[in-house]
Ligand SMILES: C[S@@+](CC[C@H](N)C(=O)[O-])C[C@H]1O[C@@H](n2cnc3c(N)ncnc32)[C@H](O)[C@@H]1O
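Only one chain is given next, in structure tokens, and it is the form predicted on its own.
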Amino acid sequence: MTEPRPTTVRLQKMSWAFTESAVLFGAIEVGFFTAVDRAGGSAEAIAADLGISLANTQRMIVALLTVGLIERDGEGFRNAPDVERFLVRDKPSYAGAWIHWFHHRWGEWGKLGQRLADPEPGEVMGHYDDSFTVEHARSYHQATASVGMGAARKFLREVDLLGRRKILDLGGGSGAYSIQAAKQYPEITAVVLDLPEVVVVAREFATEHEVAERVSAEACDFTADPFPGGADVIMMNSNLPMYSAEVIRSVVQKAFDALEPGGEMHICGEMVNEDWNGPLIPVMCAVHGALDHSTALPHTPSDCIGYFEDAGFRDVRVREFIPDILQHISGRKPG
């Protein structure tokens, strides 16, 4: 039998894929999922709750049913389980600000073809220029706070820090991992090392969570500046694909040298598969390097194991942390 003749259908669907993001972003902006939660009995009820036209409500219902964000519920509609948990406003688990966050890069992704023609080399962190402000840092970390704190709690369920005394949190942003560690372990202190603008925000979060006496923040380019001493835990979470192999290798070596004997390092980062065919989010995080004209490149689990072992770490292992998004690599300094 001959193989089926190729068609353009798959390519056409892919060319329309951006519309799925547009539907998601638009639904978050108008509070569509909140209206479904409150008034999902009919399209008319949803339209009335939102104060938009019935025609636009029906258009969105068709789209949201098709992409699986809402479901039929008798004659009415209900949110899909993950949508109900994370995209209904006023719920403690609401993460709409984070899911909507990448809307601001919409225009940049449309210029990817142009960016691919940019000459090399790029900057270590291409999109952090003079336009980056405290307000930019605050809006980003406020958007990520709910998922960041949740990831930190998960990390602490899987990693026993009993007996540890001092954490260095490289590029720690809001300080979510340090804050949660300080809450769980009263003997732990932590230092968030990040850009000066982010440090302001990290201190605000530490104060809000009532751990400012034990979670501090210092301005530091951790790719170049020396690390404070005395740490027995060093963490670097959710910023792996922002850097090249050369930079990550150097940071891991600096961490090893700075750690107390017997100390440990953890990276929860977006790693691509060994054959580079996914997962989608880590792959697209790597493509950001082209948009930002940075030196960032994808990293595989075996790459990361190499960085750790070459630095001198022992008991190095990689395991899944957040399915299809983050892998967790850890290692111990002998001593």
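One-based numbering along the sequence shown. This structure is a prediction, so every number in the text was calculated from the model and none was measured.
If you look for the form predicted in complex with the ligand, you will not find it shown, but the lines that follow are about it.
Non-hydrogen atom contact Tyr140 with the ligand in the model of the complex at 4.5 angstroms: Within the cut-off, so yes.
Exercise: Gly171 in contact with the ligand in the model of the complex, heavy atom 4.5 Å: Result yes; Gly171 sits at the interface with the ligand in the model of the complex.
Interface membership of Ala182, the ligand in the model of the complex, 4.5 Å heavy atom rule: No, Ala182 stays farther than 4.5 Å from the ligand in the model of the complex.
The ligand contact in the model of the complex: Ile234, any heavy atom under 4.5 Å: So Ile234 does not count as contacting the ligand.
Single option in Ala190, Val198, Met265, Leu87 placed near the ligand in the model of the complex, where near means a heavy atom within 4.5 Å: None of the others qualify; the residue that does is Val198.
Proximity to the ligand in the model of the complex, single hit among Glu158, Glu246, Glu135, Asp221 (heavy atom within 4.5 Å): Checked against the cut-off, the match is Asp221.
In the model of the complex, segment of 88-96, 158-166, 173-181, 206-214 with a heavy atom within 4.5 Å of the ligand: Looking at the other structure, the answer is 173-181.
Partner contacts for 230-251, taking the ligand in the model of the complex and a 4.5 Å heavy atom cut-off: In sequence order, Asn237, Ser238, Asn239, Met242, Tyr243 come within 4.5 Å of the partner.
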